[in-house]
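Given next, in structure tokens, is a single chain: the form predicted alone.
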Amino acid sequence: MISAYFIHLLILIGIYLILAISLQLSVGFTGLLNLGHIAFYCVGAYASALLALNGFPFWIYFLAAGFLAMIFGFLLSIPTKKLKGDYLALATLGFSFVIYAVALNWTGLTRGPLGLPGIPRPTLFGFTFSDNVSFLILTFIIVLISYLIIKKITISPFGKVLEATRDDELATRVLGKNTFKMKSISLATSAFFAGLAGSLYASYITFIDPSSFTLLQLIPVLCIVIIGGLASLKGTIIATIILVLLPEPLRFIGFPSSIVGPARQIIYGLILLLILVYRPKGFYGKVELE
């Protein structure tokens, strides 16, 4: 029982890791205050679930989830390319509300608040990841590949241009770099990995509904990015493990489920407040949150 519980937590840590390090790419390394990340997560989850329920193989619906989310990320970057700071945050937040409204009201496709039940577990090369141990191995492999790709991006010349865009966009443009294009690629790439995380989540839980993709679900991911430190993948990993595991003791104290959820949000808020006051750069951040 205990081992199954910890396996469940490790899978959740893996899914949150993909979400957080992909958000780190757009927020920490590019300086885009993106609050639409949960929408890409939603797009990936629903795309994956719908294709899986229609009999498509895992590798098709998994990659389709990422690429569809990437398309949405690129499309979002076009009308918001000249926005910065709070204005960009509001625009991307509005995009999240639009995607949530579509998931809730397009009942012919998403079944609305009834959700999509019976999502099959992944099958690859004839092997079905039906138990949580095998699913954990699959999650770990995807997390590792995602981390290595994003790490490679951040240390590449392209990643250095992203950081230059974050620090001084005007100077970067003067040097001849197309910062609008760079930000679009960054947002689309970030959305791609969020879509993959959504696909993993849908396959693991085997049921999704719009309530899984609200602003409340974005808060822990944002906290991970800020607490771990902007532009720090190492800090993101540590913060993910801490924030996923920290509220779990509440389950063993005997609090009712109606209290555990709000208490979790309170803990996230308090940690975030303390970090912003005493360590503005987070655990290993390279820049401060403006």
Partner chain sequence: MLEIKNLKKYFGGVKAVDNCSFEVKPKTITALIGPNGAGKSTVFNLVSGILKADSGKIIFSGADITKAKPEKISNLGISRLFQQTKLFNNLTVKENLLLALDNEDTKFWKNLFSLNKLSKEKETKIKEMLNLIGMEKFESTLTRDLSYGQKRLIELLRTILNPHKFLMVDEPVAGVNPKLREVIAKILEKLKNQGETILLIEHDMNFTLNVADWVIVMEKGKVIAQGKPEEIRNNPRVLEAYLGE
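Residue numbers count along the first chain shown, from 1. Keep in mind that this is a model prediction, so the values were computed, not measured.
There is also a form predicted in complex with its partner chain; it is not shown, and the following applies to it.
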Partner-facing stretch of 88-96, 136-144, 177-185, 72-80, counted where any non-hydrogen atom is within 4.5 angstroms of its partner chain in the predicted bound form: 177-185
Non-hydrogen atom contact T189 with its partner chain in the predicted bound form at 4.5 angstroms: yes
4.5 angstroms heavy atom contact with its partner chain in the predicted bound form for R173: yes
Close approach of V102 to its partner chain in the predicted bound form, 4.5 Å, heavy atom: no
4.5 Å heavy atom contact, A164 and its partner chain in the predicted bound form: yes
Partner contacts for 140-158, taking its partner chain in the predicted bound form and a 4.5 Å heavy atom cut-off: I149, K152, I153, S156, P157, F158
